[in-house]
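Consider the single chain below, provided in structure tokens and representing the form predicted alone.
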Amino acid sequence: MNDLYHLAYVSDVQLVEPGQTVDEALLQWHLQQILDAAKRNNGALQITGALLYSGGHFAQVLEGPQTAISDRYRRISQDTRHTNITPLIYEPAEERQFANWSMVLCGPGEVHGLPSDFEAKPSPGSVEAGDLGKSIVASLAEAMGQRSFT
């Protein structure tokens, strides 16, 4: 039996206090901290995935064993660096889309094909949520297919 699952969610970025001016160096430091921690934690749990930072929003895809994905999502949901976390899909997966990356960070310029309402948050479990989740998985997988493994 295949125990490979994938999870996709979107959230609102909360890396700076509301009303605070965004310092690009500080923002990059925060993103690097998130990426480093994900790489460190995910490898041991057989989790792979991709994180999209698009200014005010995150979209993330995680793939791995069901228990590990559930535990990781529970921790992610408690992270104060983002709010309004909306799960889009959580389902069995046939194969890994991000097998070479315990976590990879990409920006909006690398990802094409996301719907224009990417920032809208559909109701969890709805058809719209599932469609957006699948679109995010496909768009990030395509973007990472264009990138060399580093």
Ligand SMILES: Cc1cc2nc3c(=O)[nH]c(=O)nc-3n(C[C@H](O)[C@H](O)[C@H](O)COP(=O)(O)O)c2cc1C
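One-based numbering along the sequence shown. The shown structure was predicted, so the numbers you read here are calculated from the model rather than taken from an experiment.
Heads up, the form predicted together with the ligand isn't pictured, but that's what we're talking about next.
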query	finding
Site check Y9, R40 and M103: each within 4.5 Å of the ligand in the predicted complex by heavy atom	yes
The ligand contact at H82 in the predicted complex, heavy atom, 4.5 Å	yes
Distance check, L62 to the ligand in the predicted complex, heavy atom within 4.5 Å	yes
Contact of F58 with the ligand in the predicted complex (heavy atom, 4.5 Å)	yes
Contact test in the predicted complex: I89 vs the ligand, heavy atoms, 4.5 Å	no
Segment that reaches the ligand in the predicted complex - one of 29 to 37, 93 to 101, 120 to 128, 106 to 114, heavy atoms within 4.5 Å	29 to 37
Residues within stretch 43 to 78 having a non-hydrogen atom within 4.5 Å of the ligand in the predicted complex	L51, F58, Q60, L62, R72, R75, I76
